[in-house]
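Below sits a lone chain in structure tokens, taken as the form predicted alone.
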């Protein structure tokens, strides 16, 4: 069984609609795929409608944007939670609002050096999608200021550039607690992805574990091998489940569906732990 538990659609920063993500998963030979858009579950219903006919099981999920006490970005995957839970919903709504305000401010600063407008960015956002830096990157690519998203993030939109503005995001331990309260299963996404920037220290790992963290995403292209060994050791010590995923974004990133996969045992454990919603099976 081939299981990929991390994929994005255009309701956040992927380039395919939710149904097409499922179709791409089927074409890639996957048996199971999780839709984990940033801070939103608005793609669940479309993906769930498409999955049975394409012979792919859907794990409804979400990637919660967090920020550690050191000011480091942390992403928490939530699987099979109740999308209407008021506590979790209130927190992601607050974070989405902060992302929007931040994006508007960044575009205003970028406009001082580039012929970029807010309308240029909006052209790249699916209605109702979680707006963020990837959409600004797409606008910069369209105007020829960057080769692709990766180039835009490595140069113009890096956290070290003068255009970068931080935004509100919940503490990762709080996010773990909220996911659990919503009946979901919290898994730390690409925890040691040093190529993306600074990674959190042991204190943040332990705070998340104390809050009830269920697992760590080990097999991910952005986790270096020495980091994967650290995560496997941590998982053994604290009885955390281990996942592997692509972090697929369509053409928004080079990541390919199924390039890293999760075991059937890990998925079964996720289902056992969850009480918020269920896997959609063919």
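Positions refer to the first chain, counted from 1. Every value quoted in this text rests on a predicted model; they were computed, and no experiment measured them.
What comes next is about the form predicted together with a small molecule, which does not appear here.
> Which of these stretches, 247 to 255, 234 to 242, 45 to 53, 27 to 35, has heavy atoms within 4.5 Å of the small molecule in the model of the complex?
Partner-contacting stretch among the options: 247 to 255.
> Hey, in the model of the complex, does residue 99 get a heavy atom within 4.5 angstroms of the small molecule?
Heavy-atom contact with the small molecule at 4.5 Å: present for residue 99.
> Does any part of residue 196 reach within 4.5 Å of the small molecule in the model of the complex? Heavy atoms only, please.
Residue-level check for residue 196: yes, a contact with the small molecule.
> Report yes if any heavy atom of residue 81 sits within 4.5 Å of a heavy atom of the small molecule in the model of the complex; otherwise report no.
The answer is no: residue 81 has no heavy atom within 4.5 Å of the small molecule.
> Examine residue 134 and determine whether its closest non-hydrogen atom to the small molecule in the model of the complex is within 4.5 angstroms.
Contact with the small molecule, yes.
> Please identify the residue among 105, 117, 150, 93 with any heavy atom within 4.5 Å of the small molecule in the model of the complex.
So the residue touching the small molecule in the model of the complex, by this definition, is 150.
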